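Single chain ahead, written as structure tokens, the form predicted alone.
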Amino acid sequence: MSDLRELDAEFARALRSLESRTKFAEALAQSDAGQEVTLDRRSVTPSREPRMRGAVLRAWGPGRWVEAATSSLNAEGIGKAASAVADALSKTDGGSTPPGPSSTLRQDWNERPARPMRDLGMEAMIAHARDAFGWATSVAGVHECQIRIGWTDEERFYMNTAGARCYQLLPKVFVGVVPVAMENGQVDYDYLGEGGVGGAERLGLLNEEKVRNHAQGSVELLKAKEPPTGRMAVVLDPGTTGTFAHESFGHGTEADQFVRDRSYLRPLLGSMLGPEFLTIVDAGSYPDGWGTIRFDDEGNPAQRTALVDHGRFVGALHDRETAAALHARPTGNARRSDFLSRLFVRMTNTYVEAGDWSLDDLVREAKDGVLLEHTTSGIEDPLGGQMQIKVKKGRLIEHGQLTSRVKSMALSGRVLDVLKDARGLSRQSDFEMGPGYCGKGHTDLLPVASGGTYLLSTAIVGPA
């Protein structure tokens, strides 16, 4: 397997060729490759993910960035991209200093697990999928199940004229299980999804107990009641808490929304938004998460950024431009979905830190309401501050006890009201992080993770 660090000399040559025309230039190379298999009762579909390889060069002209991309990672391709940038710079009025600080990070992160998925092979992946299919369909009432197992090696190499030189190789693994239950013409399903940095050892997430439990969950949904409606006490499971942190709150903290005056949160920076036990974080440096990175696509190191600290809204997510505009510092959140896509301020691993309640304590405190489980989607509203999160299932809370299973439902209301009404969070032992993909709008998908523990608050609930 080739290593993007082999481009060191070509990048250095390209950047030197631009130094006489600009006060700052940078180069980013990307290579993503992997395999996956999808298996159900009718078919086994192995596939090799399309290899995404290329580079983008960017330089600062007066008041704007100029960039050019190439899918040819050789001297000719990189040279042509540098020439295209130089040509665009020649049509400007001369160089100026770009906004914000330039990275000077020099570090290699070459993370090769003890058991790389690349070495496991497709036949072994199919065998794991067949095992999971057998566990799921051994549950009475489950007649079909889709299993998905895959891996991707995410490689980035970055250099700039300020002296930065960074490399990362992040191997990531994902598994998904969707057991489908059928009875008397009714069909329903639960699901299991896991993913993060690592190798074949992460397939331990796909164990018999978990698969059978989720298959049994599909069967239970066939007889589940309709969900309650109205404003009530809600307990969010760890995945739903994470989706709330990401979709309902996190997007409003991306500082390009601040600069465009499209975030309801901007005038609230520094204000108390919730109780003192509430802390919301975005952390590209989170160990082994699905959204984990070692540096962003401007060469800034990944870090932990507190968004809400003990109830107070204290921080936003920045690239170098938003940091300059708002007198802050880059937070390691400048990300491209690939070398052909625009750079935006983006989340990584976003989560609510744990509290000190047990789930039983939260349910007793709720008295009457509903527990929401297994998020299926969330809708952002960074301008108006409204929220909607859909979940696959839940449990009624009656007189401080979990009772009947209920079907899919939607959670809605004002984000600030849900934060203000938060009454408790469960302990670290309940903490979970789940994988997903996030687009800026509906495009430019990036791997992200979200998570937390059980959260008690008040919101509006109704059928999905």
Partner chain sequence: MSAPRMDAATAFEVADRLHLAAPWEVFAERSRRYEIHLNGRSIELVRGPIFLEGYGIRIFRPAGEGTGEGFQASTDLSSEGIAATVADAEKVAAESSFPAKKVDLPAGPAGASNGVAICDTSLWDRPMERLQEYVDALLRPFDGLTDVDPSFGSVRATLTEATLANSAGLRLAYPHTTIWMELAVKASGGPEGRPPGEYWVNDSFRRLEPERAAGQVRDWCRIARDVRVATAPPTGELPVVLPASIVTTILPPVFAGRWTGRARLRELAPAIGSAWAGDSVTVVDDGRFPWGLGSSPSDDEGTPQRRRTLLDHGRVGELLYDARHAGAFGTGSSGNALRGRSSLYADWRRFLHSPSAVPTTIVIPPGDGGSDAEIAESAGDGIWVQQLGWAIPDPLSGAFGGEIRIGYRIRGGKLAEPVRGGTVGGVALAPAEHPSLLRDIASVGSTPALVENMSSPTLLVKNLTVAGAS
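Only a predicted model underlies this, so the values are computations on that prediction, with no experimental measurement involved. Numbering follows the first chain given and starts at 1.
The form predicted in complex with its partner chain exists for this protein as well; it is not shown, and the discussion that follows is about that form.
**Contact assignment for its partner chain in the predicted complex, among T279, T137, Q146, S285, heavy atom within 4.5 Å** = Checked against the cut-off, the match is Q146.
**Prompt:** Of the options R266, R320, R336, R165, which one has a non-hydrogen atom that comes within 4.5 Å of its partner chain in the predicted complex?
**Reply:** Looking at the other structure, the residue within range turns out to be R336.
**Item:** Region of this chain that lies against its partner chain in the predicted complex, out of 370-378, 286-294, 324-332, 235-243 [heavy atom, 4.5 Å]
**Value:** Going through the listed ranges, the match is 370-378.
**Request:** Kindly confirm or deny that R41, P50 and S408 each have some heavy atom within 4.5 angstroms of its partner chain in the predicted complex.
**Result:** Per the other structure, all of R41, P50 and S408 touch its partner chain.
**G270, heavy atom within 4.5 angstroms of its partner chain in the predicted complex** = G270: no, not in contact with its partner chain in the predicted complex.
**its partner chain contact in the predicted complex: D444, any heavy atom under 4.5 Å** = Contact check for D444: yes, within 4.5 Å of its partner chain in the predicted complex.
**Prompt:** Is the gap between S71 and its partner chain in the predicted complex 4.5 Å or less for some heavy atom pair?
**Reply:** Taking the distances in the predicted complex, the answer for S71 is yes, it comes within 4.5 Å of its partner chain.
**Message:** When the contact criterion is heavy atoms within 4.5 Å, does Q386 count as touching its partner chain in the predicted complex?
**Reply:** Q386: contacts its partner chain in the predicted complex.
**Request:** Check each residue of 170-209 against its partner chain in the predicted complex and list those with a heavy atom within 4.5 Å, in sequence order.
**Result:** Residues within 4.5 Å: V180, M182, N184, G185, Q186, V187, D188, Y189.
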